[in-house]
Structures are given as structure tokens and as C-alpha cells.
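Below: one protein chain in two forms, given as C-alpha cells, structure 1 then structure 2.
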Structure 1
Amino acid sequence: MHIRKLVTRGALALSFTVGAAFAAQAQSVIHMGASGEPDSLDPHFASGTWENRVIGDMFIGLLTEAADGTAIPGAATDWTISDDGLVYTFDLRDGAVWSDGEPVTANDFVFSLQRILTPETAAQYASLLYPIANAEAVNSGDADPSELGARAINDDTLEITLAQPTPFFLELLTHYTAWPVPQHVVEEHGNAWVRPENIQVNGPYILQEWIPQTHVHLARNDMFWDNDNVAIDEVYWYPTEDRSAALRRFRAGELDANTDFASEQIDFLRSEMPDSYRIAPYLGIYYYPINSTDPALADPNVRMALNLAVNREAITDQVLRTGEIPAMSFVPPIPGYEPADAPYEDMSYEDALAEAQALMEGAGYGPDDRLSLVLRYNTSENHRRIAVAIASMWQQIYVDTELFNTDVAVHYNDLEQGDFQVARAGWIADYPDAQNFLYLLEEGINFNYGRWENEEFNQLMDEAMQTIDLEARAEIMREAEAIALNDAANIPIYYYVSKNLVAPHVIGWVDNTKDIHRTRWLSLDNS
């Protein structure tokens, strides 16, 4: 090892950094933590919210998110929906081009949808597009990609046909699975199209460099249609997996914003940097599935007792303390949907506990005849603390809880195979619609870890899928949700909040329930 060489190289790097810092006076550069290393920058291979953040600065779907997260026209400026809710016709933006100047055409969209659904692509998230006619058949290899319900009427007009009415379809189009990839580039380079030397984008920023585990460097795409309104010139995304370390980098000024911070830090943030963190409601639920096939847990009364004995306020207000909302239903509050009420919604905890004890006694348990449960959770500080708290709450209703922690792969593998009694799980909405939560309880869905089955619930959900009138549809789903809550299908615990570190000099950050903050809406106040 040549020390001298190393030092010289280091010194060079140092002077380079300093040089870059001076240049930054003219350029507006933002440094942001994405909370995870992207698995891929190809939107068809993405699967996490951190990838969404990075890739979403480069690609724009037919619809896209405004600063406040609402769906607004993106690559399409206009659309019409047929009366039966099945055929969507999109008018693409005039003059929109890829970063190499090639026009973005309807064919690019058709190509992209076919690509992600082709079995050989092996895209993890392809199933999100199953509402499109024939999508599932194509993805399973039962139909040719050309049979997919998407066609280009001409270069500027795209028609998508659905399998059944899907009220959330427009929202779905903001999701990365529906983003376009440049057909001419993908066909030339194959899966290597996404490398910095090949990539072309239709969004505000284009990839410059990606050093795994270090950063993804993006720079302004001059060909972007709204380029004049984009303030920030360069974006660095960092894979900040360690939240404590990310907070230290944020405090040292190395990051302008970071997704997520550890709950333990909230007191410090409140007192030391109250203008630098954001907490906002988030469309997601933290819950415990209960294995309904377990002999002891098949009894709805036992499941209800477990639900009643969970003191949700204690968990949100004393364990987490970062503004999470106690979950009294399975669906978080969503515009256009009023969640059903759980039977314990208005009970005081004392009453709920008494009721839970009575139910357990009715089921044959008592101080000398206790129920033994294994509660599983995947490794995380918050999961651990919540599990510890809930185990102690259940102790009061004659339940001895053994805590069992495993890594995430084993955890979810066992959950899918039904190898658990009670376990921790979470769900973040793909699109803001109650159906995206409630279908987790439908029979035959593999996210239905607890194998809870209810004929009436399934029928109502089918009915809701066929209903075009949004209010009637919401009412049907509400009815279904009430059934699940009364049968204690699982244990809702709290609704997630999004937590962000945002430096005061970052302008244009709007808290929203999707926790999506595209860089094109941000600017830096360097004064």
C-alpha cells in the first residue's frame, strides 16, 4: 500500500470537493437521503419507496404528482373515460420529447406496459397493472403481450382498456409501474439501457452517475417540457439506511433533506431543531395479522379479546411519540371513504380490558389456564418496542406471549406460508383507495397472511369492484370492512405517519399523505 499515493489522491479529491463547492454558487445542488439503496433505476424493476423517489425525478407517467401529492396531468394532458368505465383515451402532451430529442409517443407507453408484463422481464411489481385487460394473462404467459388492453391510436393518442371498472386507475398511473421507458433505447441496449451512458428520460432530471452505496447523481434535463420552472440544477440521492447516521449527516449540513428519522430522536428534534422536521399522515397501516387457521385463534372471541386488550393510545403516545394515529379500522382516512368503526372505537381502555377478560374467560381461559402465543416481528427497533408493549398488555387477559424476532426474509416467508400465530405486518397504499387495503382480507390473496375467510366479505368486495358510482362503492366497502372488524380479522394498531428531515432552506416542500416530494417542485434559499 502506497501511503503517499493515497494521500495525494485524497488531497486531489479534497481540492476537487472544494472546487465543486465554489462552482455550486452558480448551480443549485440539493443533497437528499432516500432511506435505501435502489435495487435498480429501471422503473420496471423498482419495488420500494426509496426507488420511487430517485426514479421519479427522471420519469413521468401519464399522470404525475403535484407538490401536494395529488394526481395532475403528466405525459398526458387530457383524457376521456367511456361510460362503462372500461376505456381510457389519453391525449399525450404536444412536443414532449425524450432527453435525446426523440418524441415521446403512444407507442412508448404500449411498449412499456407490454415490457413490464412480459413474463421474461420478471418484474416484481407487475401485478399492480392487472386491472388492465389481459394483463394477468400476459404476465402469466397465457396470452401474447400484443393482446394487452393498450394500443396506440396514433403517435399522440393512447387507449387503455380495463378488465373491469377501476375507479383508482388514474391514480394508479402515477405509480412507477406505469411509467414509460424509451423504446428506441431499450431495444438498442437491452437491460443496460438504464446505465448513465445509455439512459434517456422524459422527466426533469437525467442520470449522471450511480455509485452503489454512495450516491445517485442527477442533473437537469434541458429537454424536459417544464424545464423553465425547475429550480434545482443537480440532485444527489444518498442511500441513508442508518437513520441515526442520516440525522448526524443532516445536522452536519451534509444533507438538505432525508426521508425518515428514528422515533427515539423525536425529543431531540423537538427541542433542538423544531423547524427541521416534518410529520404528516401517511396512507399506511401497521397491523398484526392473526392466523385464523390456528386452533386457538380460530375463535373470533379470542381474536376480539386480543384486539380489545391492545391499548393503541399508549403505543402511539408513549412508545412511538411521533404523531402516529391509533388505528380503529383497517383503512386509514382516505378522501371519499369513511372507515367503518371497530367495536372498541368508543370504549375506554378499562372497559375494553374488562370486556376482553370476559371474552377470554368465556373461551375457557383464566389465571390458571393461560393461552400461550408466539408473537413474531421482523428486526427493527420500533417493531421490538411495540411487541414488548403489546405482550405486556396481553398478559392482563391470560395470554403469555413469547416474542420471536427474525430477519425480514424469514419473517415474510413464514407469514406467507401461514407459519405464525400473531405477527407484525405493515401495508403502504399503492394508490389512495380503500380497496387497496381491504383486498388484503379477501380469500385467496397471498397478502392475506392470517387466512381469514368470510363469504359475505368476499361477495361485498366483488360487488364493490363492479360498482361505478363512487359513493355507492364506498358504502359497500364500508359494509365489508365492518364485517372484518366485527370478526376481528386482524389487529389494526396505528396508521403510519411520514417523517422527514427537511432543512429550513428547502423551499416548496409540501407535506402530503403519499409522502412524495418531487425535486422539480423544490428550490433552495441560499441567502
Structure 2
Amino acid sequence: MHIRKLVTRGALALSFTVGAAFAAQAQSVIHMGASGEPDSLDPHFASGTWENRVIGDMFIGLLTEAADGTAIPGAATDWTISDDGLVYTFDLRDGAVWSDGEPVTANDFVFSLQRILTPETAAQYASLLYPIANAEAVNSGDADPSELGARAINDDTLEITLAQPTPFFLELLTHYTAWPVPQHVVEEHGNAWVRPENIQVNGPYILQEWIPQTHVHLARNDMFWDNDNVAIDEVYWYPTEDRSAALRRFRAGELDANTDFASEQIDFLRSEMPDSYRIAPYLGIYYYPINSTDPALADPNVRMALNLAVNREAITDQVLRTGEIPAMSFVPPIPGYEPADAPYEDMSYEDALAEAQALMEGAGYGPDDRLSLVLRYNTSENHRRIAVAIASMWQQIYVDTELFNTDVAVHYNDLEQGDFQVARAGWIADYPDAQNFLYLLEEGINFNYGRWENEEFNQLMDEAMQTIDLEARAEIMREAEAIALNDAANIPIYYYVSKNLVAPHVIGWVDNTKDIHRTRWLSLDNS
């Protein structure tokens, strides 16, 4: 017997029935695990995939994602691009309004782009918009927001001018950094505009309630332009960092889907629930940033030794066992880009370990003079198991490792502050381009957690951004990546696959390399 908690709008109603596909009377309610607790529901303050899942049900950018993750028209119905690739002109969707009935205008987009780039906003992800003309200067305080390359030609027409041609710009616009926020609401309520009593949205769902560490409750936005094609009435998003607890809730029918599951659960899932899990290619990297400002880790030979001692095949084949690919480069396989070769790529693990020991000895370490490190990871069975395995590998090169665990919000806040030595991190592509990974190592980027700096690397990335020829651009980025790999800027560990629990009664879930599954495309089979 499945026991499932069903919540209807405005009141708590508990209903118990046999079968996982029981309908909540007149309402269609879906319960989703988001993996982590949102740090914010403001698109300009978000930075994680778990926040994107929730916020992406409430807001829609100029372009948005189809069920298969591809970019399709969103708030804009069509657009033109100038011959030089610099000027994009967007026609906004006729009749699109905010949830309070106010029109969504080109000025909302101009206001939003200026807001996220204004230094006072201190948006962590603002650098993603640097392809827009003057965006970096505005973000650094060297230009007034009015100088940003975005203007409203009229209420229904938006013009964006780029600093240089950017092949991935339309894909970038599906990202939450480019989503609009309602100017009239933000100006009235300030940062409190995202509270349930204030918030207005332009997407299919609107916030009803957010109880931290419990759930985010969304309900259908009747003013959404495509509301007639939305099947789910209410959405509950839960923070599910404890994957074992999430599986128990999923089996009990309390969750219809959960993003991610612990790899150690795969044998049980294959045996007992073969129709309820999904594994698919995923454009992302699991890696360990190394804090290069730490005195012990400023030595590139020590960083390289830590890299060499990681047995990536053992992690993917023995610890995870769910199809992940060992990462020998920082950029995962992307069409049109050949990743650079790591200096240890063709070495056997035995040779790599011997080289790592030699590097550590050359840096002054040995059996009687060991390096002590703190390895941080956010809550997850997989992260813990990988950390335990790598700590054991590092013991062989005179490194004693203390493991330190926090929840996901605290963990990433500490990384952004540089408060760590070595830590777990992951990056999922915002758009399918090598630049979206390599820019994480550029000087001054918030997500360059390890504060690694290399002038030649930065110059090459600048050159790549100004190169129109795609093959030449890819070769420049490959040269930059080789510099980072040879200097051991971080520790690539494996390329992701997406791992989701999806009940058979959830219809419309399409596996895709972005692992984006907006609720507007889903329905529940209650037959």
C-alpha cells in the first residue's frame, strides 16, 4: 500500500489510498524533491541547480526550455540578429502579463539586466551576462547602468547589443540570470519582493508558501499566457539532500519525483524499481577546487600530486557504478570542442601514484612529515563516499585528510568566500559551450573558488571571446584549458550523468543533457 500526503490549495487535506497515482480530488498536485534548500527565490541571487528547479517554474526568459531541454521561444516570440552578430532585436509575446495583470514589457527586461549587473546587487552570477556590451564595466562600477547594451525600443520590442559576437547567446538567455523581474514590484518592495505576499511572476506557477528546510509551495498562475496547456495545479518542492530519506519518501508515495539518488542505491533500484529511475548523459563536471591562496596549496607540485593520486576509474566503477565517466579534462565532451589532454591522462595509476609521491617528497613531505588537509563536502551520501575514497588515496602520498560536512547553502557560501582548502563542487552547463566551464577559472569570477590566477590563461580566454571563427575559437580555449590542467588549477573527477527518481505515473518527463524538467510540461496519469 502506498501512503501519500496530498495538499490542496488553502487547506491541508490528508488522503490515503491504494496506488501511487491517486488524484487529489479536483486538484492535480505533484511533489518533487529538489535536492537542496534554496538560498533565494530571486533569480538575481540564485546560483544552484536546486534553486533553478524551483525558480524555473515561476519565471520565463526571452527564450525558455522545451520538455527536452532545447531552447524555444519564451517571453519573446521571435527575434532578428544583425549581420555582424552584435545586435539582437526581440519581439515580446503579445498579451503576456505578470500575475497581477500588469503587462510584461521590454522595460522590465532592461530594468532586470541593469539590476543584476549593478554592483550594489552583488549578484554572484552577474558575470554570465558579460557578453552584453558594457556589462562588465557596469558590474565593476566603471559605467552607469544606463550604458548597458540593452534598451526598450517600445513596450513590445527589446534590443540587446553585444560586445562581440557570441555563438551561445540565445542559449544563455534561457538561464535565470537573464530572466525578467517585475520592475513595479521590485521598486515597491525592494528585496522583499519575493515574499509570498508580494511576489509577481510571468511563468506558469506563483509562490504560495516557503517554509525553509520543509518545502516551497507553488500554485498555478492563472495569468500565464499558456495556462490552458498546464496540467499540474500545484507543486511542492522539497529539500532532499539526504538521498536515503528521499528514496524512502519516494517509495512511500510522498514524492512523485526526486532529482538525484545515491549511487549505492542502484542495485536495489535495478532489482525492485526498474521503472522508477532514470540515468542519462548530463553536461556537467564533478570536481574538487583547490584553494591556491592556502600556503601549502600554492605550490603547483602539491596540487598536481593531489590530482595524480586520485584514481578516477575506481570512483566511477567501484564507488558510483551508475555510468559516470572519469574526467581527465575540466571541460566535458561538447560537440565542436576537443578537450585538452591532462599530463596524467595516459599514465597507469601505479605510475601516477609514484609520480605523486615524488612530487610530495620534492615539496618536503614524507612518511614523518605529512600534509594535513581539510576536505569539505555538502550533504550527500555520494559526496561522503567519494570523499572517504579520495582521503584514502591521498594517504598514500603523505596526506592526512579531515572530512568536513555542511548543508549545500553553507557549503557553497563558504566556497565563494574562499573558506576552504579542498572542497567538493559541481558545475552543470548553463549553455553547451566550453567557455561556460573554463570561465570558472578566470581571475575575478565568483565561481573561481580556488582563486587560481594565470595571466596567459586570462588572455587566451579574452582572445577566444573575440574570435568569430568557431574552430579557431575552440583551439584557443583548448590551449587555455591545457594551461589550467598543467598547473593543476583544480581536480577534475568525473563527468556527470543525471540520476532521477520518476514515478511511472509522471507523464512528460524527458531525459536531456541539461536535466531540465519544468513542471509545465508534466502531468499525472491518474488512471
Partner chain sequence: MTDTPFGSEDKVGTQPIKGRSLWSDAWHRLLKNKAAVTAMIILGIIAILCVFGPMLTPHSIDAINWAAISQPPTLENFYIFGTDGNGRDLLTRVLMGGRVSLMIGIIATLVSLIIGVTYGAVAGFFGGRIDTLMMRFVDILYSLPFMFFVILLIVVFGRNFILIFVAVGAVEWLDMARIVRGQTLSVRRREFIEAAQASGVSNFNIIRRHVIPNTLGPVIVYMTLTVPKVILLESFLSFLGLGIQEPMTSWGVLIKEGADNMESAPWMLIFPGIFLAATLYCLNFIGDGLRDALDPKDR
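Each residue is numbered by where it sits in the sequence of structure 1, with counting from 1. Heads up, when I say rigid core I mean the largest set of C-alphas that superpose within 1.5 Å between the two forms. Keep in mind that what you see is a predicted model, and the values were worked out from it rather than measured.
Engineer: Can you tell me whether structure 1 or structure 2 is the form predicted on its own?
Structural biologist: Note: form predicted on its own is structure 2; the other is not.
Engineer: Suppose I asked you to quantify the rigid-body motion between structure 1 and structure 2; what rotation angle in degrees does the smaller part show?
Structural biologist: Turning angle of the smaller piece versus the larger: 26 degrees.
Engineer: Once the rigid core is superposed, tell me how far the Cα of P333 moves between structure 1 and structure 2, in Å to one decimal.
Structural biologist: Looking at the C-alpha of P333 between structure 1 and structure 2, the offset is 3.8 Å.
Engineer: What is the magnitude, in angstrom, of the C-alpha shift at I290 between structure 1 and structure 2 when the rigid core serves as the superposition reference?
Structural biologist: Core-aligned C-alpha shift comes out at 9.5 Å.
Engineer: Hey, core superposed, how many Å does L440 shift at the CA between structure 1 and structure 2?
Structural biologist: Residue shift at the C-alpha: 5.5 Å.
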